[in-house]
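Below sits a lone chain in structure tokens, taken as the form predicted on its own.
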Amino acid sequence: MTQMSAPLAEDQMKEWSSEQSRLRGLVIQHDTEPWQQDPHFSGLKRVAGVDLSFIKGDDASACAQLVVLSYPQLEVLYEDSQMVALTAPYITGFLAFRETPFLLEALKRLQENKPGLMPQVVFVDGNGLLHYREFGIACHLGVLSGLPCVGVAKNLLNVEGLAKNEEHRSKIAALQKGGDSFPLTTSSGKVLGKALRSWDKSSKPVYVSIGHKISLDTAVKLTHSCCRYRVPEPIRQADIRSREYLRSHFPPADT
């Protein structure tokens, strides 16, 4: 990971925290699109997933990936794999400043080259409101792109009293089938997201939170509808294709 001196890191964190607070006020936490109001999401035709994959041993070079899938068929309509050089350091809670610029560039390329394939919603491998300052990467990408975004994380972020304790594990065990969920309620009583059993065969949930321009209930229902496996297909395809790009362009050295 990119190293910084302690004073420089502290100054950077203050600047980024201030920017997150400013942008946080722009997050829209309710449904804004006609398709979101329909129980079957009629009118939704294109869903996107984004991801960054890294070369083993190199945390500054990554493949920034965008995929657009048809809905409800979940077939890949478009993919964009781009090698990028990350210059911002990795600091916990500030991942968006490291990765979002490259995801925005991918969306811009799509808008310029094939505007008819622009997604109507973007799934982000990470958190939205479920974040230390309630402004994770899904919120960041949503506000700056203007697109509805959903954050889907594979692991629970321990924030505001949320923890993978015995109570949390018992709630997970009580999820009987794909589509079942329970709210992630902080110690202050605020709901920051939901734990979702995303498909029948997975006992491990995913953690869904609002990114932008979508309600939590709609985000959870849409996530479930996009799952053929535990991880929603847009994110899964972005991950598969970015890793495949790295394997084909940067094959591991023989040992």
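Numbers follow the displayed sequence, beginning with 1. Predicted model only: the values in this text are computed from it and were never measured.
There is another form of the same protein, the form predicted in complex with the DNA; it is not shown, and what comes next is about it.
Against the DNA in the predicted complex, the set S21, L141 and L144 makes no contact: no member has a heavy atom within 4.5 Å. Note on the interface: of 181 to 189, 165 to 173, 129 to 137, 77 to 85, the segment with non-hydrogen atoms within 4.5 angstroms of the DNA in the predicted complex is 129 to 137. Using a 4.5 Å cutoff between non-hydrogen atoms, T223 does not count as a contact of the DNA in the predicted complex. Taking the partner from elsewhere, Q73 is found to have every heavy atom lying beyond 4.5 Å of the DNA in the predicted complex.
Proximity of L107 to the DNA in the predicted complex falls outside the 4.5 Å heavy atom cutoff. Although the partner is absent here, L95 lies within 4.5 Å of the DNA in the predicted complex, judged by heavy atoms.
Among the residues H30, R228, K56, H40, the one placing a heavy atom within 4.5 Å of the DNA in the predicted complex is K56. Although the DNA is not shown here, in the predicted complex the stretch 138 to 161 places heavy atoms of A153, K154, N155, L156, L157, N158 within 4.5 Å of it, in sequence order.
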